[in-house]
Each structure stands twice: as C-alpha cells, then as structure tokens.
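Next up: just one chain, as structure tokens, the form predicted alone.
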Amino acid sequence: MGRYILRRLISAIPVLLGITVIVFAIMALIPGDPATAILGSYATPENVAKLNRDLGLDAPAWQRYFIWLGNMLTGDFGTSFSLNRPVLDEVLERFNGTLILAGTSFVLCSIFGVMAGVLSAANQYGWADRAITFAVLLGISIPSFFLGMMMILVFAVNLRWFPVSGMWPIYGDRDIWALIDHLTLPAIALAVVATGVIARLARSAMLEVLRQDFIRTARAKGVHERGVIWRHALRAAMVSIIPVLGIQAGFVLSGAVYIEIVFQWPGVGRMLVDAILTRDLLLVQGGVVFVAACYVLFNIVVDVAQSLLDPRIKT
C-alpha cells in the first residue's frame, strides 16, 4: 500500500505542473494590461511602465512563469495586487469558507445519492424506483445557480425560514447554529445535481451486483434481504461507486463558484471572480493552483480507498 500511495503521489506531479502551465497561459492571454487595471484613473504611461517594472510584468512570459513557479515551490505565492496581502494567506482564509460549503454538500450528496441508488435498485420497477428516478432526473435538469435563486426567493424572502445570503449574521452570535442556518440553502442547492448523478450510477452498480452468483448464494443461505442489500451487495458495489464520488467532488468544488456568488458566500470561488475582474493575476493563479492541488490530493485518497476495497487495483 505504501508503494502504491507513493506511485500515485509521483504521478500527480506532472498533473500539477500541467495545471500551472495552463493557468499561467490563460491569464497571460487575457487581453488588457494588468498595470492599467490596477492603477485605474492614475494609469499614465509613466506610471504603467513603472508598475510593470516593479511587478516584473515587463519580462518575457516564459521567464515570468519560471520565476512564479520557483517562488511557489518555496511557499511564496506572491502578493495580491488588489488586496496588498500575501496570496497564500488570502487563499487559505477564503478556502475555509469553501471547504465548509463544498464539504457539507459533498457529504449530503454522497449519503443521499448512495441511499437513493440502493433503494431504487432494491425496488427495481417498483413505485420507489419510479419516484426516485423522477426526482433524480428533475434534480439533474435544474442548474445549481437557478435552484439557489429559487430557494432564496421561496425559503428566504417569502417564508423567511433561512437567511438570504452570507456565512454569518451581521449582528448576533457566530455560533454553530448560526452557521448551519446560513449553510442550509447553499449546501442543498450545490448538492442536488451531484446527488442525482451519484444516485443514477449507484443504481446501475447495485443492479449489476445483485445479479451476481454470490448474492444468490447469500439468499439461498437464508440471509435476510436487508442484509443482502446493505451488507453484501453495497460493499461490492462501492468499488464502482467510489470513483464516481471522486468525480463529483470536483463538480461540487467547481460548482461552489456559482453558489458562492448567488449566496454571497465568502469562499475561494467568489474571491477568484473578484480577482479576475480586477486582473489580479497572482491571486487568480495561486487560487486555481491551490484548489487544483486539493482536488488532485482528494482523488488520490479516493483511489486509495478504492484499492482497499478491491486489492486488484494496486497490481
């Protein structure tokens, strides 16, 4: 297992290097001058030229890339132009909010998606299967940002059950209950689509397992149907379900950008949108690379979990 984890970590290095190249190239191709955007009304030719020299923006692109990559490998992600603070400090501070939102949504979609898929497969062609299939198709068809806006209109504006936006109340205590109150709507809106995808694929994996010989053997031995479904079939199906969870983790993490904008949630997604609008290159590059590294690391964890369930994967 140790050698397998080491191989996966080594294989992640070229992936991360490729991400840095792509992110840097995209930001370099964006039209406009960052110095002009930073200076605003003070963007005289002299001031623009001076700021480009101070920030190193007048150097060739390849040279700027290797300087940025070298600094990042030492833990220096640079300093944000617009915020005048270290990029890594800003990203870590904002990532806490994204981690709470995306983590909660991922837990919700994993639990409810797997449960829905198992129940649907166990009652194939029954009323439960039809109801779950209809709900899943409906959930997949609704964009997360549109669902979030509708939830704000119904549950926050009309019914006033939940806050409209934000992570904490403007006035009052910032305790766990206040956080849950603000987290409920954005977490559900972000989890709906991923729940539908997981449920569909979990149903397919369970149906395939339920047709195998060892399930018929378990039933022939008199094992209760509930034990057959949840103890035998689900464990075998998890080998196929776990990679889907890893893919949906990336969807939830990327989809958090839309939800953070809709609900004004103080996370990395909202930070990146603001940084793009202000042409804060280092903040955008550092934020994207950090989030990508977290996603690659999570996929390694998913692969390790899958290999524990199916040792053949390590060979």
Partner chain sequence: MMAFLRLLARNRLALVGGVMLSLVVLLALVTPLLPLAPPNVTATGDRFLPPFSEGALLGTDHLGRDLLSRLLWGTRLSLAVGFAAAIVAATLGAAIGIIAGFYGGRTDNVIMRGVDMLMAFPYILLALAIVAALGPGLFNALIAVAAVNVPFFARNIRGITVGIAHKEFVDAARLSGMSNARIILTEILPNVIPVIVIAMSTTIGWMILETAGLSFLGLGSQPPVADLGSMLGEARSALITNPHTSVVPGVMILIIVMSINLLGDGIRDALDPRLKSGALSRPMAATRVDRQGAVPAATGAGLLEVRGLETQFHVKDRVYRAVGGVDLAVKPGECLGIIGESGSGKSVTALSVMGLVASPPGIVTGGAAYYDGDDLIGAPYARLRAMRGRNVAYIFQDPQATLHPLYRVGDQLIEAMQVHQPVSNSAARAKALALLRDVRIPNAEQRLSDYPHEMSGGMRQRVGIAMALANDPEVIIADEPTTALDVTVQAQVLSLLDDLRRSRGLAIVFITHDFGVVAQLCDRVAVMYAGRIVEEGTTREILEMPRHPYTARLMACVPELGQGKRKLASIPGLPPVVDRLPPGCAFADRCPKAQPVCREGDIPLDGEGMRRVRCLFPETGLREVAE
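Fair warning: this is a prediction, and the values are worked out from it, not measured in the lab. The term rigid core refers to the most C-alpha atoms you can superpose between the two forms while keeping them within 1.5 Å. Positions refer to the first chain, counted from 1.
What comes next is about the form predicted together with its partner chain, which is not displayed.
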In the predicted complex, is there a heavy atom of its partner chain that lies within 4.5 Å of any heavy atom of R231, even though the partner is absent here? yes
Against its partner chain in the predicted complex, would D175 count as a contact residue? Criterion: heavy atoms within 4.5 Å. no
Test of understanding: in the predicted complex, would S254 fall inside 4.5 Å of its partner chain by heavy atoms? yes
Is the gap between H182 and its partner chain in the predicted complex 4.5 Å or less for some heavy atom pair? no
If contact means a heavy atom within 4.5 Å, which one of 77-85, 104-112, 138-146, 182-190 is the stretch that engages its partner chain in the predicted complex? 138-146
Could you check which residue among I261, L69, A59, V48 gets a heavy atom within 4.5 Å of its partner chain in the predicted complex? I261
M167, I152, L245, A116: which sits within 4.5 Å of its partner chain in the predicted complex by any heavy atom? I152
Within 4.5 Å of its partner chain in the predicted complex: residues from 2-24 (heavy atom criterion): P14, V15, G18, I19, I22, V23
Could you check, with the core superposed, whether the Cα atom of V23 shifts 2 Å or more between the shown form and the other one? yes
Rigid core superposed: Y65 CA moves 2 Å or more between the shown form and the other one: yes
